[in-house]
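Form predicted alone, single chain, as structure tokens, below.
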Amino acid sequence: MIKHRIALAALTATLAAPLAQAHETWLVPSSTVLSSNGYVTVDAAVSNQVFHFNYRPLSVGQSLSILAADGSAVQAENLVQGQLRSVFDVKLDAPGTYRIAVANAAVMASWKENGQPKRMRGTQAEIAEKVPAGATDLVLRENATRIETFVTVGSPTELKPVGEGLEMVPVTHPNDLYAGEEVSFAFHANGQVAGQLKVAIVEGGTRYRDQLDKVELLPDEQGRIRHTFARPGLYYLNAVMTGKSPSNPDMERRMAYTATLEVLPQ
């Protein structure tokens, strides 16, 4: 019975890992737009303040993916994990927009076995294998996170939806943002228009001001938000969607998305 319930949950696709909740997780490239082929260096961290690495490095490892404009995979170079941040280089040797992302998905399970509390984190299959048939008080939680940034060589190119987890589907291209111009982004969950989510935008540099100045937005029926950035600079965009798993009403689901965006002056 337990394995049957877990199998149902597996139909929901993706999901996992905690977007931290009390901390910000982010990827910041050294440049977001290049006029010709070259390198960018990317900082990856979990912090208490937006874009200020003061807590711990973001573990990228197997979760890191870099896609060129033609969809081909690009390998990170010179990856180093320090005490406060991870750093890696990306070679951009063709025109177009590169998607740099760290995505995680997993299920958390807790239960009682012979009266003793147990818990584990893993894939749907791993949990189905480990949770015994006699388990009681079973609680399952799906979590999925995607952390992204974008870099363009030359002119921006189309970014195709990933189709897994919570993601931003650009209406306005993320490397074509200018202060004072209205932009629009759509959000999808597992390839479908995302509803019931909250989006927050915070301008970088919170370390140097008293107020967070967070802008909170709710998407329309098409999953779209509209916003006008007042000033040029780096911005932190975070979207969170919570609720019951569509495939298993007994399972809580949390999906989170984060992007680092650079807004240019007019």
Partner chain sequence: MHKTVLLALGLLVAAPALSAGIEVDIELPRIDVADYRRPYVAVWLERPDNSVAANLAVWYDVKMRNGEGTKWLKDIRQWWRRAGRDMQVPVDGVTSATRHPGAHRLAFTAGDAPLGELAAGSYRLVVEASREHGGREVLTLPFDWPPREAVVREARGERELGKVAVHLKP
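Residue numbers count along the first chain shown, from 1. This is a predicted model, so every value here is computed, not measured.
There is another form of this protein, the form predicted together with its partner chain, and it is not shown here; the text below is about that form.
The stretch in contact with its partner chain in the model of the complex, judged by heavy atoms within 4.5 Å, is 178-186, chosen from 75-83, 178-186, 123-131, 160-168. Using a 4.5 angstroms limit between non-hydrogen atoms, L34 touches its partner chain in the model of the complex. Although the partner is absent here, S155 sits close enough that one of its heavy atoms falls within 4.5 Å of its partner chain in the model of the complex. Contacts of stretch 238-266 with its partner chain in the model of the complex, defined by any heavy atom lying within 4.5 Å, are made by P265, Q266, listed in sequence order.
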